[in-house]
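Heads up, the chain below is alone and in the form predicted on its own; it's given as structure tokens.
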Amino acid sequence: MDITIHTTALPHVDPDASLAFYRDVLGFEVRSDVGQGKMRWITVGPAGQPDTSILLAPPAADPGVTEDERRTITEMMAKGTYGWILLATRNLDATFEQVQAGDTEVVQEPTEQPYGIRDCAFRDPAGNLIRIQELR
């Protein structure tokens, strides 16, 4: 089998704030932006990697999601426990400084983990956990 990861999804509550974070702070390209108001689906991805994207989507937009499920999703997003993604960079310290300068909520400064990686963590405007690991 020849399978790749093409797109993963993260929820947003404020599409403009999320767009600014991924475009201006992380430096991702905007590949598409469809919809209007809070009902926007925005696809972003790292420059030079056209086959890998993140879809920033309104949470619980699926008509099959119940009101109780929407409430649970909203509560989990507010706590930062609903969405997360792992990214990687060759220069963790420089990346950390650049992301931190974007007035981003720092969860963890660069740290050597006991399981053999060095990483840091932030929250995006929707509360999603963004972990960035250093490539070695």
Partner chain sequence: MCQPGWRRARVQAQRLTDLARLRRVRDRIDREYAQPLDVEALARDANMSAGHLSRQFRAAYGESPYAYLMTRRIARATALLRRGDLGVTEVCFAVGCASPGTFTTRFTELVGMPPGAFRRWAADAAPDRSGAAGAADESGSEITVEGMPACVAQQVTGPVRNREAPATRQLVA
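It should be emphasised that the depicted structure is a prediction, and the values quoted were computed from it without experimental measurement. Positions refer to the first chain, counted from 1.
Below, we turn to the form predicted in complex with its partner chain, even though it does not appear here.
Residue 71 belongs to the set of residues with a heavy atom inside 4.5 Å of its partner chain in the predicted complex.
Using a 4.5 angstroms limit between non-hydrogen atoms, residue 111 touches its partner chain in the predicted complex. Residue contact with its partner chain in the predicted complex: residue 75 places a heavy atom within 4.5 Å of it. In the predicted complex, its partner chain sits beyond 4.5 Å of every heavy atom of residue 9.
In terms of contact with its partner chain in the predicted complex, the residue from 66, 91, 32, 81 that brings a heavy atom within 4.5 Å is 81. Against its partner chain in the predicted complex, the set 17, 40 and 55 makes no contact: no member has a heavy atom within 4.5 Å.
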